[in-house]
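Take a look at this single chain in structure tokens; it is the form predicted on its own.
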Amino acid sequence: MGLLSDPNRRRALISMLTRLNAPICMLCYCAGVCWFMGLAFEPFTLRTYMSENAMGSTMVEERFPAGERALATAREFAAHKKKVGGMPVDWLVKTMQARGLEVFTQSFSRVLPFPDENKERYIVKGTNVYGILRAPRAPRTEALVLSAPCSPGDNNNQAVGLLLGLAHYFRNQIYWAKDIIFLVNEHDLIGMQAWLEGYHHTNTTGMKWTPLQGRGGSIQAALSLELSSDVITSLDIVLEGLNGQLPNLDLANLFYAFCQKIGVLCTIQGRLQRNDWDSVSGYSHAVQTMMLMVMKQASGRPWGDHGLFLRYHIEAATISGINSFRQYKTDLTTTGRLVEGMYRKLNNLLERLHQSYFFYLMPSLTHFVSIGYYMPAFGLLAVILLLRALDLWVQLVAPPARTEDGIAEIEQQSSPGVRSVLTPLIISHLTGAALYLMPVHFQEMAVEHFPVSETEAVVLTAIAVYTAGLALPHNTHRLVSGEGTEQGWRVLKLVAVLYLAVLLGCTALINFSLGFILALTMVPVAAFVTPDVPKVLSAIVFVILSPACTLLFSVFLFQELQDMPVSLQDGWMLYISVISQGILDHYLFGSLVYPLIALMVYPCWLLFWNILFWK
């Protein structure tokens, strides 16, 4: 405190920070990147452990015996699904009733804002079927959910068969203290969204659905099954949910504990555990696993049906079966016993899962990185913006230079007008509003004038508006009287730098992965842009580090991390698909990534683009 309260020392500190501003910023950037890359090194991470006492032991005895019967049920389900050309609602109702459940159905419909070409649908109509096993030893105030989506073709039939087999087995047990809801939802995430809205009496997306006739207690946890093969080689747990939300870490720990007990190979991001952490290949494996989680979380989309439960504060995950070329095989009986064990431990909960972490990264199922370890990496990037803001503030408040006759150069250092700062701010955000509104609302006009489909019209309109924003400097200077002053761009940059610091800070608190990726590309641009740098080279660097190009590079990087590299043409088509899916996720499920980029991140980037062409 003495350093800051003493005026002389304070001036000396500020002088040092401004004199060494550029080297300190470069050092902070390199340190932030190195810190993040070091998070995957095993000695720097924490071992996973069970925090919830009620789930601390796996000493329950799993006895599920009906794997073959579940397979027979799956084949019967597949036959009826093929016969009716969709979800066999009547057959599911009769089958669940035969297993002693209270069975109900829910109809829903949704008109998409534009056709989803990935799944070839526009007007979606479907029915959810769910059965409730009432708790025999409790007042029925709490519930658990086990779901399996009814997927097109031959996908996920085994998951529905296992769900019905577990329902029959659970019905004969007397130790359940919570209601168990067995849900088969149609049209994957859309059906799950309709059921959750109906269960909680909310409607946040404008979907039409019939009210639920039967309800259980307050949902404490949920699992979603994705099994498309009679035998599997490993089980993968999917954690990433809507807007980067993650379930309580104890849910992942519970899955790993029972996999170890039963002897099932388990993976995260489709990757097995490795013990050679001290080797280059072992560290590279951990980095790739962590980067896959970061990129999935940054996308903001739910990566399974469980992702929509998280917005209702329900801890949920998806268990997906993988059938690869490994020699180790697991049948449905073993998988059913794993699910049985997890539900018996969740049945013991006296309160919601809350004692473990909600913010974490996982380079493997045995180790995790808590928020206290990964947030300094972002902090080192964010402090660069504060240092640049301090430097700009010192330059703005410095007394004007004096001529030889002692008269201050008032005209040259004249204060910028309010319009010179407000005009770029207003135009940038109007451009962002156009980027948010025009692609969906003007798709019909684009289809009439150009030979493209509705989905292509939405994406190409978004790209056109984004590109048109590059003309912003010329439009700004037409509205500002006179030439841009030296003080004017400094004031604008000070506002833009502080704006970006607040924006990235708030984003990182909600979705660290998205905030960190944006900081990696936007902080260098914000820190070193001035009107005096070479225009052509700087403009190229600006475009490469823009949000749109960041997304394009992320698409190629994600495919490389999944060991599924794509060509430039395929990558471009995948890029267009990612943009359209991001817009759809916003309108269907409330994903915040698209409005965040369009209404805040892109206008902020345009402010720095304006500064580059200030003169």
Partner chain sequence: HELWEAVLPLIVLLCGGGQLKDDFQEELVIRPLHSGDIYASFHFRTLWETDFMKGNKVSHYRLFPKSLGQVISKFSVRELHISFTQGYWRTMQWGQPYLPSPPGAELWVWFQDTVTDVDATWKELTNVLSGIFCASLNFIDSTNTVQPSASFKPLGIANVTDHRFLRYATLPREIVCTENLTPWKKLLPCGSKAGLAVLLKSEKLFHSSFHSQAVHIRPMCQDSQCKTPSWELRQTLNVVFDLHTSGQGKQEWSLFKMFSRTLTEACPLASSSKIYIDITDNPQVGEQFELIPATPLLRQAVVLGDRRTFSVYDLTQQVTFGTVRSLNLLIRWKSTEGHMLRPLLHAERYVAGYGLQTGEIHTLMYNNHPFRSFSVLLLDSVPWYLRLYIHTLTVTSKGKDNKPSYIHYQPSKDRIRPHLLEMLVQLPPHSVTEVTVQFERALLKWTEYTPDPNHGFYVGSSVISALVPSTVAMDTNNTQERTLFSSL
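Numbering follows the first chain given and starts at 1. Because the structure is a prediction, the values reported are computed rather than measured.
Absent from the display: the form predicted in complex with its partner chain. The rest refers to it.
- Although the partner is absent from the chain shown here, none of 69, 105 and 331 has a heavy atom within 4.5 Å of its partner chain in the model of the complex.
- Although the partner is absent here, residue 434 is not a contact residue: none of its heavy atoms lies within 4.5 angstroms of its partner chain in the model of the complex.
- Residue contact with its partner chain in the model of the complex: residue 139 places a heavy atom within 4.5 Å of it.
- Using a 4.5 Å cutoff between non-hydrogen atoms, residue 135 counts as a contact of its partner chain in the model of the complex.
- Within this chain, residue 100 lines the site of its partner chain in the model of the complex, having a heavy atom no more than 4.5 Å away.
- Partner proximity in the model of the complex, defined as non-hydrogen atoms within 4.5 angstroms of its partner chain, places exactly one of 537-545, 311-319, 489-497, 435-443 at the interface: 311-319.
- Proximity to its partner chain in the model of the complex, defined as a heavy atom within 4.5 Å, singles out one entry of 215, 344, 296, 261, which is 215.
- Shown without its partner, this chain lists 120, 532, 351, 448 as candidates; in the model of the complex, only 351 has a non-hydrogen atom within 4.5 angstroms of its partner chain.
- Residues 171, 172, 173, 174 are the ones in 168-194 with at least one heavy atom within 4.5 Å of its partner chain in the model of the complex, listed in sequence order.
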